[in-house]
Structures are given as structure tokens and as C-alpha cells.
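We begin with a single chain expressed as C-alpha cells, specifically the form predicted alone.
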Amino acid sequence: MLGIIPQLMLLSILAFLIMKVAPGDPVASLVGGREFMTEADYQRVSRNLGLDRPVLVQYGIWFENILNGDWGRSIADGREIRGIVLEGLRVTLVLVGFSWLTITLLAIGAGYWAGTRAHSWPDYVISTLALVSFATPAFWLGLILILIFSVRLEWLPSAGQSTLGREGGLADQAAHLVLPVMTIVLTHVGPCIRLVRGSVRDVLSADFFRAARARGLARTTLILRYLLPNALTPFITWAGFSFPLLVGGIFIVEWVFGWPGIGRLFLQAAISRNYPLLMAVVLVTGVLVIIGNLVADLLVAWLNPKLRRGHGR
């Protein structure tokens, strides 16, 4: 757990320095360009925002404030960054939760079906669809889904989290959630299905599973006690390592669908050179990725008793 601290510090330093050397001016962006400000106004705003100090001093002040619980205020509108980021994180977690739950259910179901029926036509169909899913870009698929279900059929909303005037309706929010979740699932479920299929095939041919089946155990016992725990261990391990890719894909999906999550906040902050907001989003995203990997490790240890005993030793 202590390794999280240097990882987050390194991540924040790199992101801060990269944004500093990138083209653009956060002070000029406040009014639409440097030509709309006098030199005196420019210097005054820079001094008020602390942007006239050396880069390392700016980073040190920001990091000290973070440790004290002060996330600062947004350069663009002066709002408290903590409230902005936590609200965006809540919205993103809703999208991540539904997407990852759907991916897991589809991967286990389709992977098990294909793995237990190897070299049959269901196996070939599922494997082909999994490869297509792996090769499909999220932004392209999102636009296609908007064109079909929002523009042509007018079944589902194309952007946002809710319809204006119906912000509290669960049905309306669920309708806005369908297309983003569908985009994330269809572009990330392919490798998961292939991995579960291969793991199922390996377990079915393993000696311990053949011995358990020779003992005449019930089919439910074979599946729940011997097959799935061993077949899902590689899938959960891979899911932990690929969680950053899922978060990156969500950033793109949030931008395409106008989903007001932390990914959209990140892109808006990067475009507007909003350094305090950008750094807070980077840190929160880093924590989210680290927690995802930690949860994956705990699930693997729970499924595999050998890892639990090794951890105890």
C-alpha cells in the first residue's frame, strides 16, 4: 500500500510538467486570447493565480494544499475543485460499474459456452464476434450507435446524463446510460471472452478436473467449485492489468456522449489549460486505477486458496 504514494507523486509531477511545456496560455484562455488583455492585466491575473512563480514552486504549493485537503479552485469559473471532481467521479463510477458488470457477465457466459463447445459453430461465432469487438474503435462505434438509435430510430438520447426538466427520473437516466455502456462493453468484451474461453479449455483438460469428474460429482459442483474458480483467475488478473485501458476508453466515450464524468472533466481541463482541475483529475484517476488493480488482486486471492496460503506464509 505504501507504494501508492510514490506512484501518485510521480504521476502528478509528470502530468504537471507535460502540461506546462504544452502550447497554450491559461491566463489568455480566460478571455479568449492574449490580444484581449493589456500587459498590466495579464501580469496581475498571472500573479493572482500564482502562475508567475517557477514551475517547481507552483507544484510544491499545489501539493502542499492537496495534503491539507485544499484542492483549490477552478481557473475557468472559480468553483471549488473538490466538489467538481467528486461529482464527476460519482457519475463516472456509475458508468464504470454498469459497464464492468455487463462485461463480466457476458465474458463468463459467452466464454464458458464457447469453451465447453470447442470447434463447434457456436464457438466459431463467439470467437469471431470477440475478434471484431477487439478491433472496433470506441469513438467510431459510439458515433455509429448515435446515428442508428438516436438519429434514425429516435429510441435513445444521444448525449448527457438526463433530459432537461427530468433530472430526477430513473427511467430517463437509464435511457441515457444505455448507449455509453453499450459502446464500452462492445469494445472491451472481446478479449475477455477469448481469455475465459481459453481458461475453460485448459481447466477441462487438467488432471484435477478429470479426477473430480471421475469421482461422479454433480455437474453444479464441478462447475462452481472446480471449473469457474480456476478458469476465472486469469480473467480477473488480466482485468486488473487492463483496467487503465478501460478507464482510457471511458474518457473517450464520455466525450463522445457528453457524459459529465471525470473523463470529460480531464479533457476540458486539458483544453482550457485549467491546471488545478487537471491535476486533481489526474490524481483521482490514478487512485481509481490503483484501487481497480488492488480489487483484482484480492479477488484472485479469494478464488485461489494457494495464493491465500502463500500470502499467509
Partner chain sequence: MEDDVRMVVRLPGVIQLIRAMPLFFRHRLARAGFWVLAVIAVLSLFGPLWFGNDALTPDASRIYSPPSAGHLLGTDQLGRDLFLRILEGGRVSLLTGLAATLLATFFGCLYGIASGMARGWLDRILMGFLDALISIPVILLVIVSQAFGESSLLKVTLVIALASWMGTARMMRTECRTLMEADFIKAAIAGGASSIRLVFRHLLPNALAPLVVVVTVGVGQAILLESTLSFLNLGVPATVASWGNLLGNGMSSVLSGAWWVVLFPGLSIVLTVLAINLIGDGLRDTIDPKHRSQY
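Residue numbers count along the first chain shown, from 1. The shown structure was predicted, so the numbers you read here are calculated from the model rather than taken from an experiment.
There is another form of this protein, the form predicted in complex with the partner chain, and it is not shown here; the text below is about that form.
Practice prompt. Would you check whether the partner chain, in the model of the complex, lies within 4.5 angstroms of a non-hydrogen atom from each of Arg117, Leu204 and Leu298?
Written response: Checked in the model of the complex: no contact with the partner chain for any of the three.
Worksheet item: Just one of Met37, Ile61, Ile252, Leu49 has a heavy atom within 4.5 angstroms of the partner chain in the model of the complex, so which one?
Response: By the 4.5 Å criterion, the partner-contacting residue is Ile252.
Worksheet entry | Residue (of Leu147, Leu224, Ala171, Leu105) lying close to the partner chain in the model of the complex, criterion heavy atoms within 4.5 Å | It is Leu147.
Practice prompt. Evaluate Leu86 for contact with the partner chain in the model of the complex, applying a 4.5 angstroms cut-off between non-hydrogen atoms, and reply yes or no.
Written response: Looking in the model of the complex, residue contacts with the partner chain do not include Leu86, since no heavy atom lies within 4.5 Å.
Worksheet item: Taking heavy atoms only, is His176 within 4.5 angstroms of the partner chain in the model of the complex?
Response: His176 lies outside the contact set for the partner chain.
Discussion item. I'd like to check something about Leu153: if you look in the model of the complex, is any of its heavy atoms closer than or equal to 4.5 Å to a heavy atom of the partner chain?
Written reply: Taking the distances in the model of the complex, the answer for Leu153 is no, it never comes within 4.5 Å of the partner chain.
Worksheet item: Does any heavy atom of Trp238 come within 4.5 Å of a heavy atom of the partner chain in the model of the complex?
Response: It does not: once the partner chain is placed as it appears in the model of the complex, Trp238 has no heavy atom within 4.5 Å of it.
Discussion item. Looking at 176 to 184, 128 to 136, 77 to 85, 96 to 104, which stretch has residues with any non-hydrogen atom within 4.5 Å of the partner chain in the model of the complex?
Written reply: In short, 128 to 136.
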